[in-house]
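This document contains two forms of one protein chain, each encoded as structure tokens and listed individually as structure 1 and structure 2.
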Structure 1
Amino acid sequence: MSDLALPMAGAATGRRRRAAGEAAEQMAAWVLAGPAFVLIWIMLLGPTVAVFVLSFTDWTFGMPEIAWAGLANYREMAADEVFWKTLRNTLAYVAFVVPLSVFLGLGAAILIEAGTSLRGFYRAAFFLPVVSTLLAMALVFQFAFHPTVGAINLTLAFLGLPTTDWLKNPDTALFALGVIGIWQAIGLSMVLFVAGLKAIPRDLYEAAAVDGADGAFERFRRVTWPMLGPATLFVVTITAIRAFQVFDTVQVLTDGGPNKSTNVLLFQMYQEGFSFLRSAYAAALTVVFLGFVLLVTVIQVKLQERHTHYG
């Protein structure tokens, strides 16, 4: 009987030791991850939850009391014509900036990688707008778009084309700001595409040449473009999120005008929250803005999972 009891007691002791070891590992994991977890809540998740809760209140900045308002801010937003115009402006800006900046960034990357001289200079020159102070460069573009002495109107007049006050015309002001956005976004797109081009194995081009793809367009269609799938998806996502965040040029050059034609989501959030002190309504606008950013991110993740694996 004692011979049977000893192995059972040893097995139970082993299980207790393994359980204690697993508990100690879990405790060590929580202790090590704890600071990062706390910082994420303080810096990211906590403010997001606070903004979401604030959007259901009636609080204005400076008021000592706060009351639950339910969906009142969202109902006001749905009935606000300025909000819908702002949303259309934002989507139009994104639809104008993203395709052109991605296409031009890809073209610049291909041209730079195809050349053999001054490659480093062109990389630095195209990337310079990314690191430039946009407020300072917006003033430069203000002179460029000037109706009488601006370089753009002078060039159009020299070519015999019609001119306009680009930043004061409601039909052109948003696209004038879009040109600045494209100018700034091309550099980042180019750098990311250059990284994607360098990751393409040279053997694929040799195999394509064996299959008869001798021309530059055929090599691009059969090898370069399919292999740039992940890079393209990443560039589109980053560019779209940055386009949704347009604020500096609107604040400096147009102040949302003329006639709200350049009013975008981030600028309206700033006006409602810091000019009119309507903190709860600004929080509701922020929730809508975060929803668009989250939607773009989810689409990027889903597409990356389904269509951009090399296998």
Structure 2
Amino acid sequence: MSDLALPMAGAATGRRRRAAGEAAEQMAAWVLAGPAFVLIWIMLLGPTVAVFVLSFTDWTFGMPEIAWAGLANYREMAADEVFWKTLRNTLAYVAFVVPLSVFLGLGAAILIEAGTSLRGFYRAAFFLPVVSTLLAMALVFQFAFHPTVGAINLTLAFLGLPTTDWLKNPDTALFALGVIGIWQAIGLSMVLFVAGLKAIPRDLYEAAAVDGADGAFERFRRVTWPMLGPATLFVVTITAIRAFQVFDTVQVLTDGGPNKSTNVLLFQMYQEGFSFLRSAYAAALTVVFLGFVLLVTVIQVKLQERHTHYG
């Protein structure tokens, strides 16, 4: 009897001890994750919910009263020509910056990895703009875009090409800002593509060579490009989200002008919210901005799913 009882008692205390251990693990986990949990709600998710709610009110900063306004802000937005111009500007900026910075980053990554000499130098040179203070560099670009003494017009004039006051001309200002955006985005896209290239197994190239895929272009078409699919998708998403966030250069170089030609979503949100103090309307603009960023993410996730089905 006692022979039988002892192991049973042992198992019971073991179970109890394990239960106590699990309870302790639960406690520990909550204590460890608790501060992050609270801060995520206060600093990120709570404010996001708040901005959404605020966009349906009529509140202006500092007013004692707040009232439900339904869709009034969104209706005002839809009827506002400036908003539509802002939206067109933002999309034009994204459409200009994303393909060029992805394509140039890809080209740089492939060329850097195709040889062995000076790899580190090129990687550093292309990546340096990513870590530099965009705001300080924007002022350098302002000087470079200077109509008479700027390096850009001096070079163009030397080559016999047309020149203009790039930042003051409504037809060119947005693209001048786009050039700065591309300059800053190439390095990030290059580094992500280098990581993607390194992840391609070398035997795939050998297999392609056995199949008779000779020449750099054939190898690129049959192996490199298909294998870079996920990396490309990621780079396009990151670059697009960052392009939607363009603000620094607009605020410092053009102030949305000339003639609203560089007014972009975030800049308008900043003006409405923090210059004119129209908090509710600015919140509605924020919701539109967030909508675009989420749309880009959703498209990425959908395309990635399709990719893994094929893979």
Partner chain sequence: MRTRSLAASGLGFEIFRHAVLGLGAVLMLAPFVIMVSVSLKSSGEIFSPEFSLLPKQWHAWQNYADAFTKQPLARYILNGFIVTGAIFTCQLLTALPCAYALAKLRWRGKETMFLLVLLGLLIPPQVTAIPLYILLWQLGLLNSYAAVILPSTISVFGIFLLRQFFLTVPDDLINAARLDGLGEFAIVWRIMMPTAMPAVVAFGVLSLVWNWNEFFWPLIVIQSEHLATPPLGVVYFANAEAGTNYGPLMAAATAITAPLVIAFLAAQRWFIDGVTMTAVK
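Note that this is a predicted model, so its numbers are computed, not measured. Please note that residue numbering is based on structure 1, beginning with 1 at the start of its sequence. Take the two forms, find the largest set of C-alpha atoms that superpose within 1.5 Å, and that set is the rigid core.
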_Please identify the form predicted on its own: structure 1 or structure 2?_
1
*If the rigid core is lined up, how many Å does the C-alpha atom of residue 40 shift between structures 1 and 2?*
2.7
